[in-house]
Ligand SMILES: Cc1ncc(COP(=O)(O)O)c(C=O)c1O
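One chain follows as structure tokens, the form predicted alone.
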């Protein structure tokens, strides 16, 4: 039910929101979720075309079941850590994840979030090297890649604007190109472009002394930059170079795991063969604060030696109530065959989004499963840049007015509309999203054409 208007209109004075302009407008307040939709405190209904933060995989559904699972665990054991001793839910969830993960990834270390998963993975790579008598601490990551905002994870980010307030970074990182060049390899074939990227990686490994580099971290589908993918030959090449120079290969599946790309883990879909997978978000469909690092037998083995220990931990990793909710999430996903639903519907989502390519302003549509990017064309030469014509807040506002919530980003100064609805979304939701995009982008296309005509008349 809508709240008292006096409460709704009162300034939000005490809540410091994340990545927010705190001097801007009073934020919208959402009070209810149903399926793929959110309802604000004024009773307005919106389609969540981003799964909030790419995390509400199961949608705003099954809350009663999640609540019962949490309540039952609270009644039995509300808290216990995994420091030395443990509890049944952590054991059960670790077993479940080991069964779902790619072969050989059998050892699960729980953390509260995706950023902390990345942080723990770097520490694990560092500890693994030391356990094998090597002193490796650097990490290679890709341009524009997002890996979290805790200070260690931030060191691996390829997004300079997120790092600039907090330099110097804690972890020495090496930046390599992402796979954007594969979208338009120019005179090269795609495979030649893949080889050029692999050659660049090898060059950076050699320049920075391979004996000091602990790991390479990549997303199977790179979110920032616009859902960048690559053929299996690229990921096979990464694996080969990591093996050659002794690096661990870390797959950041914070977004892509648990059905988002049509598989439990996107590494399996794209042929990525990692030593470590980091996860969060879809593990509980964001119904619980839960993340996990899943390590291979090879990475785990040195820590079986007498007296060996991975000196990392936190109070809430593997929390019994959070683990119970995550187990219930995975149970529901299997019961309703959510991955099968994604596999059956992903082509329909792709086709609807690709229908936007007939618009002047749409440059590309790409992605996988329920994870897509609509890339907008560059502004015409001599005209104001893309930020001025279709700035993120303006586009987001117009889409919101049509009842669709999503994110517009400028990654490397390229305008990207992100589309990643809950995995329960169906054809009706696809139509709502694409119809709203077409309405807004048709207006933008008309403006761009007018600008081009004006520039041509002046030439």
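Predicted model, so just to flag it, every value in this text is computed and none were measured. Positions refer to the first chain, counted from 1.
If you look for the form predicted in complex with the named molecule, you will not find it shown, but the lines that follow are about it.
Only one segment in the set 230 to 238, 267 to 275, 115 to 123, 180 to 188 has residues whose heavy atoms sit within 4.5 Å of the named molecule in the predicted complex; it is 115 to 123.
Of the residues given (281, 260, 328, 319), 281 alone sits with a heavy atom within 4.5 Å of the named molecule in the predicted complex. Checking 93, 255, 299, 373 against the named molecule in the predicted complex, a heavy atom within 4.5 Å turns up for just one residue: 255.
Residue contact check for residue 128: none of its heavy atoms lie within 4.5 Å of the named molecule in the predicted complex. Residue contact with the named molecule in the predicted complex: residue 225 places no heavy atom within 4.5 Å of it. Proximity of residue 110 to the named molecule in the predicted complex: non-hydrogen atoms within 4.5 Å are absent; the residue sits far from the partner.
When the named molecule is considered in the predicted complex, residue 148 lines it closely, a heavy atom lying within 4.5 Å. Residues of 217 to 233 placing a heavy atom within 4.5 Å of the named molecule in the predicted complex: 219 alone.
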